[in-house]
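Only one chain comes next, encoded as structure tokens, the form predicted on its own.
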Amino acid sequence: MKTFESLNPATGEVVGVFPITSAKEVNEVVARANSAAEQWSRLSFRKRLVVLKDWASLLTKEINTAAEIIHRETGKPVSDATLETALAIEHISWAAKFSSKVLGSQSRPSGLLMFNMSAQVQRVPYGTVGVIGPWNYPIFTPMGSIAYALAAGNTVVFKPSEFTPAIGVWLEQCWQRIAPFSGIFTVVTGDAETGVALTKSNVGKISFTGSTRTAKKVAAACAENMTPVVLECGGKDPVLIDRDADIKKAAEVTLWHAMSNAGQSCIGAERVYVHKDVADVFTKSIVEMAQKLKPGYEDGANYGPATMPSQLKVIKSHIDDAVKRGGEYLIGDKNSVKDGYVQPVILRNVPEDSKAMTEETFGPTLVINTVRHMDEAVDLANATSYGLGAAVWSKRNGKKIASLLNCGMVSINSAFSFAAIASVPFGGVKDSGYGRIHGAEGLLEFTYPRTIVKTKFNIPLQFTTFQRTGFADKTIVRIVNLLHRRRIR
């Protein structure tokens, strides 16, 4: 059996050795999951709720273990790993609690033409959902699909990132301790080929989180079998700061928005558009705070190393291009990327067509550009191929500005807040993907609607038959005239 190692990006230590699951083995796992899906879907919402609540409770008891594994696999501070795990647990609980309300059968009006019929819409699970997770938030992000798919009555086969397999395997081990039977939640580890095998397997749906480039390949592979997909991709998230904003708070939170998790967040801040009247004050404040940040692996570090070493080249190329194009360092320099870490980098006056403004950087960097008014900020914020999240800072105009942004999520006078609220959907538009996880939309995403229409009683007029009479035709016309005919102006 072929294996691979999961390495601590800060120390180089081997966290664990895991099998590379072959395509044949993936198909076997999916087959078992499909068999288990029949039994799992037949359980009542209440019974599934109890199982998921037990899982949430167990993960809560073991939260420190989860945080330590994430810390070792990603290099992020234990505090951040603990928060990530806590949010994942919250999503399990919410999905379990509200699945019956969101997914219960609904009666629909049948209308005057079909008044003798009853109409109902049922939500049906797909069977088995394949979840391909990322490495930057290796428990929180995939749980947005796993928990909602399970609560909706699907079984799940989860392929964690090859950079963070240990937390995925641990999740399955915890699940097995409370599972009513086998095959409901299974983890397959491996490299990109294992992920490809999952997309081509007999799953009912795929939920993928990763780069836009890879997402397009996933969508193409799934299209061959008409397998529906949810794609949660990257972003180039803007922050818009109006002149009436709480500047000190905006600077504090935007710094965290950009630099937390070493900037390795799809909803991380990468571009700031600040009103000219407050630009100097905002810039001075955020730079002073950034100077105190300390990257590292030891206790007290604000963020860790680059989890995926190859990303360092991308980060450096974006910084170099920005400066070459006329951008100015506010903090950091050409040597900020070294030894697996990226020191905080803040630039200003970077041209809008530079790589640092058009491509996802995924590092602890930030560009601050000044605008004359918020209309200009909105236009610049929308001038991107991405459309994931955004943040707006304004005491009076936050909702108005937010309503003009072409993206899936906006936080006003906060950052990341929409990801922590389990009841609202998470996802983007344009190159940031399609479909939604979290909230009622997340539960609906992992089911399809089935319409059931039944004759309540027979009537003399028969419309759906070759024996339809002329009187029936006239009756249809009379009803349509009664319901829909009006004088046209």
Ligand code: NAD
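Just count from 1 along the sequence shown to find any residue number. As the structure is a prediction and not an experimental result, all values here were calculated from the model.
Although it is not shown, the form predicted together with the named molecule is what the next lines describe.
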item	value
4.5 angstroms heavy atom contact with the named molecule in the model of the complex for A279	no
Touches the named molecule in the model of the complex: E84 (any heavy atom, 4.5 Å)	no
Contact label in the model of the complex: G144 to the named molecule, heavy atom within 4.5 Å	no
Contact test in the model of the complex: W55 vs the named molecule, heavy atoms, 4.5 Å	no
Site check V196, G234 and C266: each within 4.5 Å of the named molecule in the model of the complex by heavy atom	yes
Contact residue in the model of the complex, from S394, T254, T209, T365 (heavy atom within 4.5 Å of the named molecule)	T209
G168, G153, P77, P134 - the one with a heavy atom within 4.5 Å of the named molecule in the model of the complex	P134
Partner-proximal stretch of 225-233, 373-381, 105-113, 395-403 relative to the named molecule in the model of the complex, 4.5 angstroms, heavy atom	225-233
Residues in 400-431 close to the named molecule in the model of the complex, defined by a heavy atom within 4.5 Å, in order	F426
